[in-house]
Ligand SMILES: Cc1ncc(C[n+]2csc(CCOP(=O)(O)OP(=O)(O)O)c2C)c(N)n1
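Here you get one chain, nothing else, as structure tokens; it is the form predicted alone.
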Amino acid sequence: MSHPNQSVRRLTVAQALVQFLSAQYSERDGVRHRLIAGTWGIFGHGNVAGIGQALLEAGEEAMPFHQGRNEQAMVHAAVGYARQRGRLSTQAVTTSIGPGATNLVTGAALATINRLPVLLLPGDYFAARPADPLLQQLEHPVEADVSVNDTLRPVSRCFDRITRPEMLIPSALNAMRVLTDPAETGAVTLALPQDVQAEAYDWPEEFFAERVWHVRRPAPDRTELTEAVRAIRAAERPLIVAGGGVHHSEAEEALKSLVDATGIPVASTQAGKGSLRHDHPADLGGIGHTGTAVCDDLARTADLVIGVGTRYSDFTTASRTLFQNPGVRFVNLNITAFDAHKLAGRTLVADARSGLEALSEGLAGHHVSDAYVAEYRAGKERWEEVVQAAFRADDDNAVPTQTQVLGALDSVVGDDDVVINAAGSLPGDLHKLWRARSPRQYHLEYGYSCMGYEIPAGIGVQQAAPGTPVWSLVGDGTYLMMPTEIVTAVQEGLPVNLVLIQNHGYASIGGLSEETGGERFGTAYRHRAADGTFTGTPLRVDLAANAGSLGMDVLRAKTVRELRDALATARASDRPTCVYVETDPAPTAPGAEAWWDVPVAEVASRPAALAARERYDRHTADRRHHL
């Protein structure tokens, strides 16, 4: 109950929640942002009369509403929005109970793994249980309070079920705290029983007052900073590994200042690419399994690796086979102690920008050797020749290869265009070859590498950056996973550009299958042959027609020249546009410069698997624990 002298407002739980969310702001460096910029929703019996009615009553000014077509895709759109806005603003997602709620799980996992904020508001079963069981209710024989929403617990950074109105106040405040905490953020779930959503309560007016959540920039500990500076000054072959934390902290200029002063080269993870502009002399491109030759060569001989905002995934470390210098050590600048302690590194627990600025001050007057600079710059020049060869098309009338598709796009985009991808063979090609021109241009979701992310994420990015050309790059396999939000882009008038590459199957996994002895089993989109295998003729599907039927303008390109023209036309359009191209399957991307551990059958009868196991055993001998 409210205090007798406290001013109150009588609202339902759902109405109170929407009013509360409309008054929440984040602030960093003195700049304020609306924290929950809008709400995505698909309505069913679990939320239509609760959150749905509350959104209607609040109106578009208080809480903009966006109509989705798939619950997972709505989360992807919110995540794309949050990433484009530097994690300082996000969106909420509401669903009904049952399948609507469980469809959130994949998107929630993606958000939490990538440390990106999103607020999930799934409906839930009646808290009072007037009827039992309900439609879509999971009946657990020993835990009656378990619902399907509990599947969101392991993929959420914060989870609560609001079974009484008064529970909302502390839970909502805690949810905002987690969303704005740069070390803890991810998916936040408030499960809302449908009867509680509609229940009225006398809310204190203070609950609805504007509240500003400061996003802190913790400075490094003095002792940790002193040790990090000492280690860097003593290193002869230091290498910076820039991760997503550089972008989240908007630390790109701080990184550039440090590199300009010290000459230390920079390798980038998928999340960190674009931390330096591609033509900066110290930017060596991607690192790890999908990295460049110059990056991986330097990583093998580095005596000190300086991780900035990276969680050191297996792709980055080449499954712990990349850093081969016997004396290699690590200094890890990260806002989370959990990541800073990885690879037994010297920890520098701080905001990336604050930490880099402190390192620059502590390293004043220090510079790596001229010989080291000359070595990595020569390697960068050699790799640029590889990029140009992969992008170049000697015959403009030929069917393009996948890397020539990227070359054509490279020739069309401007500095501020955003290129989005998540899965398939494109992430590897992009990591090796793409020339990132600005911090937000390279938008690769590779923490979860979720097929189907690209189109809805493009919508979220377009909402976050109106007027910015946005490119969602997908293969046919990814497109078939989740084309539904094309309808949303058309409805909202968002000119997302879709580059749809037809290569008749799961090309990336087909190549991996071949490498690991699986002989591309089950990876091609083909009819069954006489022996029952999927080795017949390619499926006669027209994905371009499908995109057109959902409301997109479609441009078909059969040659390199037509592709280049179509991309330019799409960029100039104010309508959602699909550029459809069938590619030459001949591999033209550079091969992997480092290993990735995918276990191979230890015993088998087929020659391909036996040969793959021999290769696997040779690589595993290079694995090491950094202690």
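Computed from a prediction, not measured in an experiment: that's the story for all the values here. So that there is no doubt, residue numbering starts at 1 and follows the sequence shown.
Omitted from view is the form predicted together with this ligand, to which the following refers.
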Close approach of G505 to this ligand in the predicted bound form, 4.5 Å, heavy atom: yes
4.5 angstroms heavy atom contact with this ligand in the predicted bound form for S156: no
Contact flag, I113 vs this ligand in the predicted bound form, heavy atom cut 4.5 Å: no
Contact test in the predicted bound form: E250 vs this ligand, heavy atoms, 4.5 Å: no
Contacting member of V105, V412, I509, L134, with respect to this ligand in the predicted bound form [4.5 Å, heavy atom]: I509
Of A465, M451, L138, A127, the one that lies within 4.5 Å of this ligand in the predicted bound form (heavy atoms): M451
4.5 Å heavy atom contact with this ligand in the predicted bound form for all of G424, D476 and M481: yes
Among 497-505, 198-206, 341-349, 162-170, the region lying within 4.5 Å of this ligand in the predicted bound form by heavy atom distance: 497-505
